[in-house]
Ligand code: C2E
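Coming up is one lone chain in structure tokens, specifically the form predicted on its own.
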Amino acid sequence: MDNAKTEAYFSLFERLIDSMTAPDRFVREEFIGILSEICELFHIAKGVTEFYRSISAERTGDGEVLVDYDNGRGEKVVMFRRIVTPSMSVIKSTLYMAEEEEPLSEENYYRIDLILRAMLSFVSRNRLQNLVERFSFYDDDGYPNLNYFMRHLDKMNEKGGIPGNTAIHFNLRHFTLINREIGKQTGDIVMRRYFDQMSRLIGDKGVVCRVGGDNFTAIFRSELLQSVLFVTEGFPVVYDNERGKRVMVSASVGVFVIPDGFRYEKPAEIIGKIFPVGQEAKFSPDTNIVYYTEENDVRKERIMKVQSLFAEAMDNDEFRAYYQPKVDIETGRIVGAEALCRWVRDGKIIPPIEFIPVLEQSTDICRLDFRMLDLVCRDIRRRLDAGSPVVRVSVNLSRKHLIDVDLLEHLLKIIDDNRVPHEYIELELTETTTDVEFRDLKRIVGDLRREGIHTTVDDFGIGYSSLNLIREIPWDVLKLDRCFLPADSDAEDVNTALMFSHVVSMAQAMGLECVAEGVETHGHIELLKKNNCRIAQGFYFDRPLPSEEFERRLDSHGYDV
């Protein structure tokens, strides 16, 4: 090679290295242009680079093949290099020359080999960097993930752009049912199209990321909030273009409108606000949208305090069983009771509303339910041993128990260890919200009934599948929610009274014992008598009583009617 070509080679090599190593300014077109000049200098007709994520991907041809230069005359392979990186990805490069070209000299072969090795090293590093990006910031389905969201927050903060935006955490509602109805594969298409719709709406004014399953998070300019919420309220997603089939997808949403002056230090300051209100929206019976306020922080501290004190309270026997009587309205006799949990700490009663919903967020509620059952069994056993009258007592079970495949064994152990006859125990379970929970509930109720333990469907009438619930599951007792009783005892509520009458008749025709809860007035008692619903529970007779007071009431044979 003459001096001019040698100088040209070194100049091109220097430019190539500069192109590959310059920080934050790699331009592929510039890089390919330099490679093309090198190929022309050495009469290379074609250059091909291949990248495979693994050796097995190489075997199946599942990778990227890039033709970096091709003048249409490449026929003869003059150089081939293959490297396997420490992560077991494979990079290959092949150079071709025209048949009529003279073979490369030893010097030129060395020079091209040097360029090729440098290029392969660069491709290896560049592709591995892309893989790290892919695995770190995208999930297995290709959605940007929580890491992507947190990185975006940091980038926004660097540019001073956090205030004036709104962050949300949203969960697709009843998506398990959608998957079951149209199939998981089609459900994935629906989710992707819903995500794409949200991404198009937000555009370059924010990002949308998936944080797992059917849960997503997003941040965007606040002027888009109402448009975003419009989509979350219900958006028809077409999943079969040929037949025009579509499904309505909605979401529950936690919203944090970031105020002016908000000081951002780390992503947790945003995530810690939208995730709790997102969960609150998911489980709220009243709304699908919950906004973050400073009160949420107070509530969060209260939740953390309850969670931190729970184990100590269990060890110190601070949870007590209070009993609300179930009364035969014809005789005034106490025929049963519901055990309700009260937390007595430092001589004061902590209202259930302050700790039950918190414990419901974890399996702590299951531990508390088992403790309540044990307390009830101890009280029953004590009265049996003393020869005192005993009635059947109902104990509430959280839906969280439905995932416990050994629930029957756990319940029987508590009851049988206390030597309590099964007919004195009744377990109350609330209506379910999904098909999966429904099947588990059906199994559990059937198992309990075979053991002679009564079961009650609690709060009947407030769920979406009430009739199906009593048609398919073999309950013993139907507990009517107070919504069936007139709210104003002085005003005749014809529709409510009519519904009450029909539900009682239906339950009795099915052989179910009927209990009306929330009975508070003489008008309620008259309605029960009129419809032959004999068992009542409510403030008309008594509030939940400490065990000593309840037992005194039980020993005195009940109430005057």
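Note that the structure is a prediction, hence the values are computed from the model and not measured. A residue's number is simply how far along the shown sequence it sits, counting from 1.
Keep in mind that the form predicted in complex with this ligand is missing from the display, and what follows is about it.
- Checking Thr94, Thr166, Asn396, Thr176 against this ligand in the predicted complex, a heavy atom within 4.5 Å turns up for just one residue: Asn396.
- Just one of Met372, Val231, Ile473, Val78 comes within 4.5 Å of this ligand in the predicted complex, counting any heavy atom, and that one is Met372.
- Heavy atoms of Gly518 reach within 4.5 Å of this ligand in the predicted complex, making it an interface residue.
- Under a 4.5 angstroms non-hydrogen atom cutoff, this ligand in the predicted complex lacks Arg210 among its neighbouring residues.
- At the 4.5 Å threshold, heavy atoms of Arg342 reach this ligand in the predicted complex.
- Contact between Ile365 and this ligand in the predicted complex is found at the 4.5 Å heavy atom cutoff.
- Of the candidate stretches 44-52, 31-39, 496-504, 518-526, only 518-526 has residues with heavy atoms within 4.5 Å of this ligand in the predicted complex.
- Heavy atoms closer than or equal to 4.5 Å to this ligand in the predicted complex belong, across 324-362, to the residues Gln324, Glu338, Leu340, Cys341, Arg342, Pro352, Ile356, ordered by sequence position.
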